[in-house]
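Only one chain is given next, in structure tokens, and it is the form predicted on its own.
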Amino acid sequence: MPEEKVVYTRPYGVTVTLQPQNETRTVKARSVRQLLNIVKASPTTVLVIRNNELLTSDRKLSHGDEIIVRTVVSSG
């Protein structure tokens, strides 16, 4: 009997959408902190969102997560 192969429909990792640039990429990150380092964003200047929930930098991420990193703009 032939061996069954596992086929991934998406690239391995976390899918990140950067806003307002509207750029999407897949990265290998296990935590929000790692993710922010990869995309070169400071936790004080962005909101990190998963399933309509705000995440802090200590939160863990899992394969297949879809994350939005939204830059916060303040005007005074």
Partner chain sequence: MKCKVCKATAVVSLPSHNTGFCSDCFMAFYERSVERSIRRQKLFTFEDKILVALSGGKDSLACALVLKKLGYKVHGLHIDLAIPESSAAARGVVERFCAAHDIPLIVKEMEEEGLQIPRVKKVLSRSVCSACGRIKRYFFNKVAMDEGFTALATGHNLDDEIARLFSNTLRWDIPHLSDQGPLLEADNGFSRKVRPLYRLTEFENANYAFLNGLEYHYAPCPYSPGATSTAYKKLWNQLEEEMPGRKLAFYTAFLAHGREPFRQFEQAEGTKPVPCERCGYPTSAGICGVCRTRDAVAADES
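None of the values given here were measured: they were computed from a predicted structure. Positions refer to the first chain, counted from 1.
From this point on, the text means the form predicted together with the partner chain, which you will not see here.
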- Message: When the contact criterion is heavy atoms within 4.5 Å, does Thr44 count as touching the partner chain in the model of the complex?
- Response: yes
- Task: Could you confirm whether Ser62 comes within 4.5 Å of the partner chain in the model of the complex, counting heavy atoms only?
- Result: no
- Check whether Ile38 has any heavy atom within 4.5 Å of a heavy atom of the partner chain in the model of the complex, and answer yes or no. no
- Message: Is it the case that Thr56, even though its partner is missing from this view, gets within 4.5 Å of the partner chain in the model of the complex, heavy atoms only?
- Response: yes
- Task: Let me know which residues along 13-30 have a heavy atom within 4.5 Å of the partner chain in the model of the complex, or say none if there are none.
- Result: Gln19, Pro20
